[in-house]
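To begin, one chain is listed below as structure tokens, in the form predicted on its own.
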């Protein structure tokens, strides 16, 4: 361990700790910086994190300096602040200062550093600034404004070190140096929007989010991406019941600081025009009260031949479906289509399994089936087919088997399954309810509700609890907390009501 005094405070740090990280811990906030990123190599090009170390003749950059025993460091004296102002002025010499029309305004590192260390009148006239390309489309998801770039090289290092695709580079020299994509290429890797996240200014912006909403108007809710079995931890940015973007929320045990571009776009399904927003009775939109008579008949004791869960439903929802099926004396159960929601994975984050909760079905002992087997079970079932989530009838074999059957579907989108159901009950999408997904590692990941449900849609777990009550259960769970207590007890899980707000725990304890 090394004893280091930072701004008069003596602390101990492990050998090999970067001075940048030590100062951040001592100060309670990071040093001013552009180029440093904890998950990328150190470039040391912005020079903004300079500190004074007693015994050194000059200020030193903290990002590329390691602590040593006896070191005395000053991070807030006038010498350091003056250096920060000078460095900021260098970065701003050719900056267009177009903050009012920049999407990064409100979450811009350059703005933040200027308000803390700058606040000076520039002596450079706008006409004297070097003009570079603006609003240049460099890939399917990203736009580049070269005038705003401070040449921190984060995006270049990300493409070299994380995706290893190497599309980006720094071209030319001096004040003509600029970020760009290599000739004949575009920024089209599966993780390109991470460069927007790590850009400290407004040089790289998202084509999807661009000019959609000012960031200070957004509210943020932690969530779990439902795009694949990895279960990346995300931040849902929303306003007035609408999601505007998903950004990665750091969890070193799951996704680190990154997420894929495909996962960022799953929020669009929540607001899809095919969303189920009201109950349907034989294809006609009705009130909830209008489906009660049919539900009482179709979901009477002994009338359900098969109940089918889904790897897209939460752990609690599948648990309640199983409990309801047992209460109704259902002949058989299935976890749904084994072959549904499959794609192509990679060795970074994307999993070939596009469902967020297939491991949850395993915990509940709900076996999935291929389309032919599931169709056979449906065909052999005597009575109502109760389906939860997903769209199993998208498989032609399943759709053919459902023809002529009594079908009750609880779901979120008007797909092939909803079209074949006598009764459709509109449930909550993943961002409209609280729940638990179990990712590919077997980690239980809790997430809260972010936005309100549309129109007459209801929380799916409440729909199932209401059916339990109608089926005669004496004390149906009155809250999600109670559902989780029952689930925890029934399957020997960690207390689902005590999962960490940020992070996740293994389903069976111990290492992943």
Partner chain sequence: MSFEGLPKGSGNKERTFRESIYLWEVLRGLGVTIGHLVRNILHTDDMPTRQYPEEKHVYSDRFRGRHRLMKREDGAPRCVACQMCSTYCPADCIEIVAAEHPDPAIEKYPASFDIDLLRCVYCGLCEEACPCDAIRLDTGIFEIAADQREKFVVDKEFLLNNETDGTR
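Positions refer to the first chain, counted from 1. Here the structure is a predicted model, which is why all the values come from computation and not from measurement.
Here the subject shifts to the form predicted together with the partner chain, a form of this protein not shown in this document.
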Exercise. Do residue 90 and the partner chain share at least one heavy atom pair within 4.5 Å in the predicted bound form?
Worked result: no
Exercise. So in the predicted bound form, does residue 214 come within 4.5 Å of the partner chain, heavy atom to heavy atom?
Worked result: yes
Problem set entry | Residue contact check: residue 101 to the partner chain in the predicted bound form, 4.5 Å heavy atom | yes
Problem set entry | Non-hydrogen atom contact residue 391 with the partner chain in the predicted bound form at 4.5 angstroms | no
For this session: Please name which of the stretches 229-237, 256-264, 144-152, 172-180 has residues with heavy atoms lying within 4.5 Å of the partner chain in the predicted bound form.
Result: 144-152
Problem set entry | Single option in 271, 79, 297, 134 placed near the partner chain in the predicted bound form, where near means a heavy atom within 4.5 Å | 134
For this session: Name the single residue among 250, 342, 210, 219 that comes within 4.5 Å of the partner chain in the predicted bound form, judging by heavy atoms.
Result: 210
